[in-house]
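This document opens with one chain alone, in structure tokens, the form predicted alone.
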Amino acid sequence: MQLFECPFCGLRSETEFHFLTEAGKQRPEPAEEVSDEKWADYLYNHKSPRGRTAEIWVHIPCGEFFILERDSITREVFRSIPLKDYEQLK
């Protein structure tokens, strides 16, 4: 079992978290003009880079969204940041 750190609740079991998407992924807009192919690409296709990556996760018990920076190969977690603070740190 791996431990992830919720920036609001501290270290918790990975089973309490749900992956949402890669950080920085832009939603296609305007929604009413987006083709089915473009929408499917946005929802289901991810870059899945090897190495250090930033991802959006949610901690299910508290319902907070945050950025988890981790290595996709070694699974090492570098830091977790509240989603609202992430843009300021880039």
Partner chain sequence: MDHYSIWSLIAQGLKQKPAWKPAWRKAKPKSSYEVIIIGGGGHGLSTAYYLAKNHGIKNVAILEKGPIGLGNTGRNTTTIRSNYFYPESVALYDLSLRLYENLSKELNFNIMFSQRGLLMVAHTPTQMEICNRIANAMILNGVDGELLSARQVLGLIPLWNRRDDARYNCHGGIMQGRGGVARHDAVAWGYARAASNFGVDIIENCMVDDFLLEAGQVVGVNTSKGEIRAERIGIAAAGGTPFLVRKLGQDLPILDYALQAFVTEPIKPCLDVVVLSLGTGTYVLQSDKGEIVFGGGLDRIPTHTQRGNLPTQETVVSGLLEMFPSFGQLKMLRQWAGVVDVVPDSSPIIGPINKPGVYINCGWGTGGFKAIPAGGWLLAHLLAKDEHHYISEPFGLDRFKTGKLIDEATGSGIAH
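Note that the structure is a prediction, hence the values are computed from the model and not measured. Numbering follows the first chain given and starts at 1. For clarity, a rigid core is taken as the largest C-alpha set superposing within 1.5 Å between two forms.
The same protein has a further form, the form predicted together with its partner chain, not shown here; the description that follows concerns it.
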query: L11: touches its partner chain in the model of the complex, heavy atom cutoff 4.5 angstroms; finding: no
query: A31 within 4.5 Å of its partner chain in the model of the complex, heavy atoms; finding: no
query: 4.5 Å heavy atom contact, A40 and its partner chain in the model of the complex; finding: yes
query: 4.5 Å heavy atom contact, E22 and its partner chain in the model of the complex; finding: yes
query: Any residue of 1-20 that, in the model of the complex, places a heavy atom within 4.5 Å of its partner chain; finding: M1, F4, E14, T15, F17, H18, F19
query: Core-superposed C-alpha of R52 shifting 2 Å or more between this form and the one not shown; finding: no
query: Core superposition between this form and the one not shown, C-alpha change of Y42 at least 2 Å; finding: yes
